[in-house]
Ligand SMILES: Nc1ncnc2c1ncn2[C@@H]1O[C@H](COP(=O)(O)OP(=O)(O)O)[C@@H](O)[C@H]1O
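A lone chain, given as structure tokens: the form predicted on its own.
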């Protein structure tokens, strides 16, 4: 198989469009000796953030992905998972794995964050460090500052003290000082959606793409919209109905999407921009336990597939939903961190400090009930002060 060493000459960072053929005007110029039956302008490779597309320019010998001949003058995405080879005519062409990702992955790390509203402290030293490919749940009683912490992380609020960093190539970038640089990497899903109820899902997503990617043609926009929604669990029949349903809202009086569909539509509006960090405020609120677990299962799949850093506030998840998160940050009533570590170790830690047993109860209910009992809560606070634990992540 011939490797495209000539890729190196065009660079691997950022978006690009590479024209391949025998013409000297092509970015990658190949001779007939290298690739028999090569057309003057044979195909074009295009990368948009972390998505790689290819189009055949009506060449006689054709362009193939895994022995499937591409339609002429039609874009098709090359998916790294399961991808085997590309052929120009009968000649296999190697694709450098670096081409599939136009951006380094992003982690999130903060120092202890403090924030007050009208003199009342609502975030009291909470912190987080989340790695690409991981999901972190932020839990705690109502009013403990979960949403405030998420707003501090995403740059919507500025802490009174403390710093938030996006970690790129091991280099910390201050989110609040360099927000214009990091905003493209951050996807934020608020509790209340901001979709226009009179639009269909397709119209709304199409407008989002046109605003964010002004150079994208309609064919690629169409492809990205459909692929994004398919990744959210819609088969072909349900996908068409979903895309062409009016969004609607109770306030507008327009009947539209169901609760579960609205959550997916909201998520699609964030995913379509291809963020590297997903920040979600109560993505399962108002949903049944079945629909809630579907949403979190989709988030887990996307986090692992695209190596995203996913952080979500969540309120009393089911056992299955709770266990899908890698790490848990549990906040106390006063905005402090009462536990931060592996989700799987949260119950053992609470059992150890409070000398109680959870048995077969939902772990999330057990943890929140412990916080609600002052005697046990005091044991937790003292346990942290005396460092009698081994599960808490370091600051």
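Remember, it's a predicted structure, so these values are computed and weren't measured experimentally. Positions refer to the first chain, counted from 1.
From this point on, the text means the form predicted in complex with the ligand, which you will not see here.
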Proximity to the ligand in the predicted bound form, single hit among 220, 144, 267, 292 (heavy atom within 4.5 Å):
144
Only one of 128, 287, 148, 224 has a non-hydrogen atom within 4.5 angstroms of the ligand in the predicted bound form; which is it?
148
With the partner left out here, check for me: in the predicted bound form, does some heavy atom of residue 97 sit within 4.5 Å of the ligand?
no
4.5 Å heavy atom contact, residue 157 to the ligand in the predicted bound form:
yes
Mark residue 237 yes when one of its heavy atoms lies within 4.5 Å of a heavy atom of the ligand in the predicted bound form, and no otherwise.
no
Quick check on residue 120: any heavy atom within 4.5 Å of the ligand in the predicted bound form?
yes
Pick from 246 to 254, 84 to 92, 120 to 128, 269 to 277: which stretch has a heavy atom within 4.5 Å of the ligand in the predicted bound form?
120 to 128
